[in-house]
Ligand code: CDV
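Below, in C-alpha cells: the form predicted on its own, a single chain.
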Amino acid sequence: MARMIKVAAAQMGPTARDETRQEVVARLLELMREAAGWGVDVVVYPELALTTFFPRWAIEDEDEIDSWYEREMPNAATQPLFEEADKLGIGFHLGYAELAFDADGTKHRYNTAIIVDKTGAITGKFRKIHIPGHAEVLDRPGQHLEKRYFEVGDLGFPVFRAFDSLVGMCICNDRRWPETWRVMGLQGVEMVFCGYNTPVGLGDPYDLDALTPFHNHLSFQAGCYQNATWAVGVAKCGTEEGFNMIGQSCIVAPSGEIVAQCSSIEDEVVVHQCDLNAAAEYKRDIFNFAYHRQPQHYRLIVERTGAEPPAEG
C-alpha cells in the first residue's frame, strides 16, 4: 500500500539588504498559498530564508550583526507564517539565523532550520554542522564569512516523526558530506529537507564555480540513493546585492533521480507526490545496512588491508 506525502520546494529569488522581515514573510506566505493550492502536505523554504545572505559582508558592529538573527521562533514578524500554516493545514520547513542564550547569558549564533507541523507547532530543530567559508576577512569584494557569524551546530543529525514519515534536516554545506546522510540513514530517514544559499564568483577558481550546480545535484542524488531517502533541496538564488547564487532547487527520489526541479532563479514552487514506500524498497534490498554490513565483513577488511574497522555498537 502506497504511503504518499506531497511536498513543495519553495525557491526564493534575491532578497535585498534593506528588505524587512515583514516583506520577506509576505513572499513566503504567497509561496505557501500557492503550494497549498496544489494540495501539498509540507512546503520547504531555503536556508536563511528571512534575510539576505549577510555573510557576504564583513560587519563589525555587534548590534548590527545581531539584527540579522531571530531571538525566538515564532516572533512578531514570523507569526503570520505559523497562523497561515494552521489555517491551510500545511506544514513547513524554515531556515533562519538563530540567536540563542545559555542560562548564564552566554550568547550563541547558529544557522538553524525548523520543521513546523500542520497545526503551526514546531516539531523539530536542526543547527548547521558543516560551516563553510572563512572567519578572516579576505581582500576581495565578496566574503563568505559563515565561520565568523555561526557556531557549529550542537544538535547532531536527529530524525523526527513528522507528516507520517521519518524526516531529517541538513543545511547547505552539510549536504556535501556523506556522514550527514549516513547518520540520518542509519536512523531510517525517509525524507530530508535541506535549504541552501550557495554563492559563486567570490574568488574561487572558475572551474570550481562552473561545476557548482553539478556538485549540488550530485550531493543530493548520491545521498538519497545511498541512504534510500527522498530529499527536498531548496535554494535562495539569483543575483542578490550584486553577487550570484545558484538555484536549481529540486526534489530527489530514493533512486537518485531528480523528479522535480525549478527552472528559474526567482520565487518559484515545484511540487511532487512522493511514495515513501519507494524508500522502503531500497532499505529492504540494496542498502539493507543490518544485512549487508555484518561484523565478519569488517574482520575481512582488516585481514586483507590492515585497516582498522569502525567500532561496533
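It should be emphasised that the depicted structure is a prediction, and the values quoted were computed from it without experimental measurement. Note that residue numbering follows the sequence shown and begins at 1.
The next section is about a form of this same protein that is not shown, the form predicted together with this ligand.
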> Which of 183-191, 169-177, 90-98, 119-127 has heavy atoms within 4.5 Å of this ligand in the model of the complex?
Replying inline: 169-177
> Of these, 142, 199, 153, 238, which has a heavy atom no more than 4.5 Å from this ligand in the model of the complex?
Replying inline: 199
> Taking this ligand in the model of the complex as the reference, which of 80, 132, 203, 158 has a non-hydrogen atom within 4.5 Å?
Replying inline: 132
> Is there any non-hydrogen atom of residue 146 lying within 4.5 Å of this ligand in the model of the complex?
Replying inline: yes
>> Is it the case that residue 45, even though its partner is missing from this view, gets within 4.5 Å of this ligand in the model of the complex, heavy atoms only?
In response: no
